[in-house]
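Have a look below at one chain only, the form predicted on its own, in structure tokens format.
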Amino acid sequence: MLVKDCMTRHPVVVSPDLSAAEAERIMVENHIRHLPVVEDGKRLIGLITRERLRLKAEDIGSYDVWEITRNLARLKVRSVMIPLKQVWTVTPNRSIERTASLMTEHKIGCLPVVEEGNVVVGIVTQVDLLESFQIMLGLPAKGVRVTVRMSDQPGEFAKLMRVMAEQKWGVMGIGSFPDRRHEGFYFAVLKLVGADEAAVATVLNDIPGQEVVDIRTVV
């Protein structure tokens, strides 16, 4: 799956000359936490986040409530946005695993999706990535979720696929991750449809060198 398959297309964007108060209202009304800041042609120049709009106690100082209100009314998006040089972006054809790695590495909650000329075509958030991983693992489908432990030797996964083909089980989701306790082994997680939980456990446990470590029916 690529970014273009899970991103939010045509995201809400704002002008740098919009008031910060209006930008916050837009976020609240649209239930979003990030706003790409664009100029002509949807060219990205910055990013507004909920964090950037929070008032810090040390910035308020001895202002009274009227002074705070007046200052907020004058504050523009341009003054509080994250400038482009500090904004991480991705292209629509970036893989979601690399995108997730980028967001994790830099501890950021979203990435504007841009094409040539930094034109904004979408936005991908942590929620978008979580939803995409759920889809890849077959969460929306009813079926049997099974985790099989096997060695990372060539041909091991082929043995599993061969058995599933013989049983005519459909696969709605698949993933894998290493066994951190035992080097040279990993777990394959599959979401099967048209299968019975007891039959799956019996058949897969008969595969030499492999072990079913978790199995459950998911509805």
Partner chain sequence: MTQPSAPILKVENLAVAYKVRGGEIEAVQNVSFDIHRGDSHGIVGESGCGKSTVAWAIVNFLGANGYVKRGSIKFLGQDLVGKSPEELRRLRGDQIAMVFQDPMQALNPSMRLGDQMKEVLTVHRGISESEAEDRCVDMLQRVYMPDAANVMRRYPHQISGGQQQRVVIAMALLNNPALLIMDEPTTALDVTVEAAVLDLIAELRREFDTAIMYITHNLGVVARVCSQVGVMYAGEMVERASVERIFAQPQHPYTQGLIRCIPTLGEDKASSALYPIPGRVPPPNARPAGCIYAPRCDYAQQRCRDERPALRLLADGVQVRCHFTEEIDPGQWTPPEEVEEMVETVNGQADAATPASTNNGKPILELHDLRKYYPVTGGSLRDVLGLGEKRFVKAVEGATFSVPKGSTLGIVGESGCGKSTLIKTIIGLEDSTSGQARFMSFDITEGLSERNMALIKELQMVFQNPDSTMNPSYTVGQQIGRPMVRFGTVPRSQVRDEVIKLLQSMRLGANYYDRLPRQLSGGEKQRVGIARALASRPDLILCDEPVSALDVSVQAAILNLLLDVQREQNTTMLFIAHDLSVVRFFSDNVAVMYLGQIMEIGPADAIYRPPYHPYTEALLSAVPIPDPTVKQKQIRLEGSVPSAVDPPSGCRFHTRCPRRKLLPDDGAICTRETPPWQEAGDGHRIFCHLPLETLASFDPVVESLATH
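Numbering follows the first chain given and starts at 1. Please read all numbers here as calculations on a predicted model, not as lab measurements.
Not on display, but discussed next: the form predicted together with the partner chain.
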Report summary line: Picking from L75, L84, I108, I135, the single residue whose non-hydrogen atoms come within 4.5 angstroms of the partner chain in the model of the complex is I135
**Report entry** Candidate from E51, E166, D152, E39 lying within 4.5 Å of the partner chain in the model of the complex - any heavy atom
**Finding:** E39
Query raised in the report: Is there a non-hydrogen atom of N30 within 4.5 angstroms of a non-hydrogen atom of the partner chain in the model of the complex?
Result: yes
Query raised in the report: Heavy atom to heavy atom, is V121 within 4.5 Å of the partner chain in the model of the complex?
Result: yes
Query raised in the report: Does S15 reach the partner chain in the model of the complex if we count a contact as any heavy atom within 4.5 Å?
Result: yes
Query raised in the report: Can E115 be called a contact residue for the partner chain in the model of the complex at 4.5 Å between heavy atoms?
Result: yes
Report summary line: Only one of 171-179, 155-163, 184-192, 39-47 has residues with a heavy atom within 4.5 Å of the partner chain in the model of the complex, and that stretch is 39-47
Query - in the model of the complex: members of 197-219 within 4.5 Å of the partner chain, any heavy atom - result: none
